[in-house]
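Next up: a single chain in structure tokens, the form predicted alone.
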């Protein structure tokens, strides 16, 4: 009997509190290789807290997190993941090319490897004409593409994007969805932390719906939806949870 492949992200019974207020209440969540996974929930559901715990940016109180089989508390787990925060920023006086070189060095790439990769990365992200432009002069969409270059330059198996559609115009949203599918085609897995359901529905293979620190539903998107839209599934799931309270 063949063993199931180890998930890239494996979260078991995760609990996190801010003071006396619970933020995550026994969360179990897995992201497998080769998938786009949507982490969904209303504001305050615990999505960003979960991502920060997975990246070891904040401590948690109970449970276990493994990245590509390595305890997330260990520095070597970071080799498996690259992260784009919701509000990507960088030193405004750096050029686009200098910023990409900085991130390449953070990923441990030598100059020869950087030179071999950067041309394709700039072309893919439509940054070729902006290489000499300073970060402080870029638009929201252009700045995000610089942040995405960090992901493309890395060898990370799991790419985590935190509210990536926020603040983008329709052209930027379309380009980002194409890039997410491009990441998947390159063999990466993508975790999208988002509350924009329509965009996630078009790219995700699986989703989890988080509400008040609990996972209410998780699994392959089409199996969960059945004959519903993702929006209908989302609100029906939240309504059922709210209606079941004593």
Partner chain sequence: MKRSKAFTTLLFNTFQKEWRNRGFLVLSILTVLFILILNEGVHAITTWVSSKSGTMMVSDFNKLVRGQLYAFYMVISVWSGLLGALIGVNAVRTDYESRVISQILSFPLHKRDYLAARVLGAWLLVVLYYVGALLIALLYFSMRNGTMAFEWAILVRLLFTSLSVLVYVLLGVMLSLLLPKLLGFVLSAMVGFFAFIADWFIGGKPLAELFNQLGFFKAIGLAFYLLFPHVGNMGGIADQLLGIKAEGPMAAVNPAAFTLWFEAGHFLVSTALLAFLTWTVFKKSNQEMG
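These numbers were taken from a predicted model, which means no experiment stands behind them. Residue numbers count along the first chain shown, from 1.
There is another form of the same protein, the form predicted in complex with its partner chain; it is not shown, and what comes next is about it.
In the model of the complex, its partner chain lies farther than 4.5 Å from every heavy atom of residue 219. Its partner chain is not shown here, but in the model of the complex it comes within 4.5 Å of a heavy atom of residue 55. Looking at residue 110, you'd find a heavy atom of it within 4.5 angstroms of its partner chain in the model of the complex. Within this chain, residue 150 lines the site of its partner chain in the model of the complex, having a heavy atom no more than 4.5 Å away. Contact annotation: its partner chain lies within 4.5 Å of heavy atoms from the stretch 55-63 in the model of the complex, the single such stretch among 37-45, 55-63, 199-207, 184-192. Residues 83, 85, 87, 88, 89, 90, 91, 93, 94, 102, 103, 105, 106, 107, 108, 109, 110 of 82-114 are found to place at least one heavy atom within 4.5 Å of its partner chain in the model of the complex.
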